[in-house]
Structures are given as C-alpha cells and as structure tokens.
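Next up: the same protein chain in two forms, each one alone, written as structure tokens (structure 1, then structure 2).
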Structure 1
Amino acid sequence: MILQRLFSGDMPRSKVLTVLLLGILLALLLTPFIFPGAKALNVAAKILIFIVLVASFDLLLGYTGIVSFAHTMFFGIGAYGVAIALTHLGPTWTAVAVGAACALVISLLLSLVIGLFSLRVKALFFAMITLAVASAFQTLASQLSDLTGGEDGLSFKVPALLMDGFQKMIWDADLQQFLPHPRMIFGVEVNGKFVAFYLLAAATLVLFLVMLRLVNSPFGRVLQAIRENAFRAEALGYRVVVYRTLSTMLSAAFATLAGILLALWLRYNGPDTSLSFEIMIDILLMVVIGGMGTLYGSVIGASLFILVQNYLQDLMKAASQGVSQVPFLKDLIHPDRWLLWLGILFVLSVYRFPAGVVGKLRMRARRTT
C-alpha cells in the first residue's frame, strides 16, 4: 500500500522491469562503495541528474506529445543561475537559493512566452521555434562572457557542506571519540563529494516521485488525452492551449532543477556542459530508447545511454584495434563513432518499438499473465 502511494499507483508492472529498476537504484546508491574511483562516481552522478532531466523532457514529449528543442536551454538556465550566483555572492546556501529562485523564475517566464506564442499552432511549428530560440540562447550565453564566462564557463566554490565542511562538522562536534575512523565508512572516505552524491541521489528520488505523482494525477490524464487527440480533449472542455502551456512550464521547471543539481555537483558550468545541442540530442535519444510516456523509461534510457557513452568507447576501441586491417569497418567502429550506433538504435526504436524498452517489457508482462 505504501509502495502504491509512493509510486502514485503507477508501478513498473513487469517483473523484468522491476528487477532492472531495483538493480539500477541499488547500483547507483552503492556506487561509492562498490565501484571505487572518481570516474564511476561521476558517471553515477550524471545518471542521477539526467534521470531528472530526461523525465522532465518525457513530461513534455511522452505525456503531452510536444517536441521541444529548448529543453537544454532550461537545463542551462538552472545551471547558470546557480553558477553565476555562487560566483558573485560567494559559496553560501543563500547564494544557491537566490540563483535557483532567479533561474526558476526566468525559466517559467520564458517557457510561458514560448508556449503562448507558438503552442497554438502545429507541433512542427513549436519544434522549429524552440530550436531557433535555444540556439540563439546558446550563442548569447557564450557571448556574454562578463556574466557567463563565455566559452570557458564558470568555476566556483559550492557551500562548505558539499566541499569539506562535513569533516569539520564531525571534528567540531567531537564525534571522533564515537567513531573509530570518523572520516571513513566501510573504507570509503566521507568527504564533500560523498555528501554531495547522496544529497543528489535524495533530490533525484524526490523529484522523480513528484513527477510520477504529477503524471498520474487528473492533470496528467488531461495531458495524455491531449496527446492522444487534442481535438477531443478540447471538445470535452479542457483548454488545450492552457494545458500545453502548463506542461511546457512544468517540464521547464524540472529541467531547471536538474540544471541546478548539475552545477552544484560539477562546481563548474559552461556552454558545453549544460547548453549544447548535443545534450539535447542525447536526451531525445534517452527518452525514446527508454520509452516515451512512462517515467521509468527515463531511468532506463538515461542509465543505458550514459553507460554506453562512457564505457562503450572502451569496448569499441578494443574491437576497432581487432579489425585494424579492414579499412572501412575499422572507421565504422572507431570509438568516436559511438553516436552512430546509438543513432541507428534510435531510428529503429522510433519505428519498431515506439514505446521503448519499458513499453516492450510491459507488453511482454501483459501477454504472459
């Protein structure tokens, strides 16, 4: 019952999917303990952040049926909001709050304007307008270098708790007499990164559950009705423009929150980390491969994609060296060409299984029972 409430009645509904999700959850939560090294921790953190980002994009694409190419813009606004505030106001939580609040307000206003301006017409029109606006925003961010640090981006200090404040707290509280090694838990050093990672995990979990609640609410049902048939939804008395705009704003807000998390985790932000069009393509691929219209798809999609992005290259390198005698094949599986294979997977998934991995698994579960 509690689980039902926690997941807003939207359970995974497939044994394989449940196992997969639990596996991902455990692996992510235990990363600091079972996968030593900075790379593994960074990959896990990136997966956590992208789960929020991809889920927020799914809110728009999968649940409302709107294609936006401005999603990374809101992601970037969040990241830049915190980055600029922390750079100018110093590493305090007040600065984080100010930056986050400003970023949220800007994102909401911007998405409201874009939504009202272009959601009245076709889906295509919205996609084109958002693409144009996002690219203008990206150039703007890299040009206004006084504010944004230009192409170099901004490096900044985060509040003490996320740096080394935690150890100081333990020392100051004289806790060391109770713990054998106050800096260590199961052989893992409890430093700022460690604390930041678990705060990040908690934030991701909360945001994910909030979004799950949202899409399973009456509001979420209206969004899905609009996706299926906007005309009928309008005939039933729901103002389609209003709902679409609200959905745009909500997804922008969650993307902004994801951006805030990114900036706090990386302690750095630049155009390539949060604004670039490549990230936009990436999250589009994640949503579609994972499964549109189910938030669990974003978990699967983000985990799969980022793992591939970070580890497939090593595999491809080995394979590429194996066939280094074959001229064309060697280039095809060159480690830099990983996107080629994901692109093909993406095209195939749009044709063959539009409901993505999650949709496939659920369908199989339904058939067997």
Structure 2
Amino acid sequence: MILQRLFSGDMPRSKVLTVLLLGILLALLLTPFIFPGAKALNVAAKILIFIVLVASFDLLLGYTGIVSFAHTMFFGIGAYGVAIALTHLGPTWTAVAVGAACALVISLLLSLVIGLFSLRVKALFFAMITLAVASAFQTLASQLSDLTGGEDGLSFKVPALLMDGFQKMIWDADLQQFLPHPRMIFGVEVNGKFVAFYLLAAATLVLFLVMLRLVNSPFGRVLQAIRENAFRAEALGYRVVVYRTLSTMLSAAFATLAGILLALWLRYNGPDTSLSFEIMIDILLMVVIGGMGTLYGSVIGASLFILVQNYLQDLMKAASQGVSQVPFLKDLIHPDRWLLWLGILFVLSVYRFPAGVVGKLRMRARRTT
C-alpha cells in the first residue's frame, strides 16, 4: 500500500522489469562500495543525472506527443545558471540557490514563449523552431565569453560540503592544532565527492517520483489524451494549447534541475558539456531504447546507453587483443570503431524492442497473466 502511494499507483507491472529496476537502483546506490575508482563513480552519477533529463523529455514526447529539439537548451540553462552564480558569488549555498532560481525563471519564461508562439503550428514546424532556438542559444553561450567563459566554459568551486577535501577535523594534543582525519565507511572515504554522489542520488529519486506523480494525476491523463487524439480532447473541452504549453514548461523545469545537478557534480560547464546537439540525440536514443510514455524507460534507457557508451570501447579493446592474430576480425572489432557497433546495437534494440524495453516487458507480462 505504501509502495503504491509512493509510486502513484504506477508500478512496473512486470516481474522482470521490477528485478531490473531494483538491480539498477542497488548498483547505483552501492557504486562507491562495490565499484571502486573515479570512472565508475562518474558513470553512475551521469546515469542519475540523465535519468532525470530523459524522464523530463519523456514527459514531453512520450506523454504529450510533442517533438522538441530545445531540451538541451533548458539543460544548459540550469548548468550555466549555477556555474555563473558560483563563479561570481563564491562557493556558497546562497549562490547555488540564486543560480538555480534564476535558471528556473529563465527556462519557464522561454518555454512559455516557445509554447505560446510555436505549439499552434504543425508538429514538424514546431520541431524545426525548437531546433533553431536551441542552436541560437548554443551560439550565444559560446560568444558571451565574459559571462559564460565562451568555448572554454566555466570552472568553479562548490560549497565546502561537496569539496573533495571535506574531512573531519580532530585536535592533535602533541601539535596543538586541528588536523584533518578522513571519515571511513566500510573502507570508503567519506569525502565531498561521496557526499555529492548521495545527494545527487536522493535528488534524482525525489524528482523521478514527482514526475511519476505528475503523469498519473488528472493533468497527466489529459496530456495522454491529447497525445492520442488532440481533436477529441479539444472537443471534450480541454484547452489543448494550454495543456501543451504547461507540459513544455514542466518538462523544461525538470531539465533545468538536471542541468543544475550536472554542474554541481562536474564543477564545470561549457557549450559541449550541456548544450551540444549530440546530447539531444543521446536523449532521443535513451527514450526510444527504454520505452516512450513509461518514465521507467528513462531508468532502463539511461543505464544501458551510458554503460555501453563508457565501457563498450574497453570491451572491444580487450576482445581485439584476444584475436590479434586474426587480421579481419582484429580490424572489425578495433576499439576505434566503437561508434559503429554502438549504432548497430541501437538498430538491433529498436528492431527487437519497438516499444522499448519497458513496453516489451509489460506486453510479455500481460500475455502471461
């Protein structure tokens, strides 16, 4: 009963999917303890951030049926908002709050303008308008070097709690001064990165549950009705433009929050970090792989895609060394060709799971009951 309320009645509805989700959750939460090393921690943090980002895009595409290419713009606004505030106001929580508030206001205003002026046109024209706006914003961020750091971006300090040097201070009687003493939990040092990771995990869980509640509310049902048949929804008395605009604004707000989390984790932000079109393509791939209109698909899609993106090249390198005596096969699986195999894996996944992994597992569960 408590779980039903926590997940807004929208349970996985598949035993296999439930096991997958629990496995991903446990692996992410235990990453500092079972996967030592900076790379594993960064990959887990990126998965958490992209779960929020992909879920926010699914709110727009999967639940409302709106195709937008401006999603990374809102992602970048969140990251730049915090980066600029921390750079100019110093590494304080007040600066984080000011940067986050300004970023959210800018994102909501921009999404409102885009929604009101663009959602009255056909879907193709709306997609092209959002692409143009996103490209213009990326160019603007690259050229305003005094504010955004230009192509080099901004490196900044974060509040002391999130710094790597965050340690407990113990009084040394012999030296008559306080000395840093690392806190340890099961052999893992509790430093700023450790604290930042679990704050990131908590924020991801809260934001995901909020979005899950949103799509399972009466408002979310209207969005799904608009996705299925906008004319029928209009005939029933729902203001389609209003609901689409609100959906655009909510999606933009969650994407902005994901950008804030990215900036606080990386302590850096630049045009290629949060505004590039490649990120937009990655988001689309994650939504399709996980399954549109499910939200749980964002967890599956982000986890699978980012793991493959970060470790496929390493696996291919090991495999290439193992078949170094086979000329053609050695060249075929050379680690420099990892993008080719990533594309092949994506095509196969779409062919095998046209409704996404979540959709496929739920359909299989329905057939067996």
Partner chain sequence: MKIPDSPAQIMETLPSVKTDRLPLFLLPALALVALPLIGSFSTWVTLTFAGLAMGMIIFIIASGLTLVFGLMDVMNFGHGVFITLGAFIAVSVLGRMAGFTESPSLVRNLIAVVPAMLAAMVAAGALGLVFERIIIRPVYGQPLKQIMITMGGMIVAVELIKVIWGAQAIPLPLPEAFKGSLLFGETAIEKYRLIAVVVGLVIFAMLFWILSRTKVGLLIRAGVHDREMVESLGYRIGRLFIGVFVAGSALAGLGGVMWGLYQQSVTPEMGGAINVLLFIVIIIGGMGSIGGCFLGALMVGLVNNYAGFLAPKVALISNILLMVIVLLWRPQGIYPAGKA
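Start at 1 and count along the sequence of structure 1; that gives the residue numbers used here. Basically, rigid core = biggest C-alpha set you can superpose within 1.5 Å across the two forms. All of these numbers come straight from a predicted model, not from anything done at the bench.
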Study note, to complete from the structure: Between structures 1 and 2, the form predicted together with the partner chain is number 1
Review point. Taking the rigid core as reference, does the Cα of S14 move 2 Å or more between structure 1 and structure 2?
Key: no
**Study point:** Cα displacement of W341 between structure 1 and structure 2 reaching 2 Å, rigid core superposed
**Key:** yes
Exercise for review: Using a superposition on the rigid core, decide whether the Cα position of L25 changes by 2 angstroms or more between structure 1 and structure 2.
Suggested key: no
Revision key, fill the gap. Superposed on the core, the Cα displacement of F353 between structure 1 and structure 2 in Å comes to 4.1
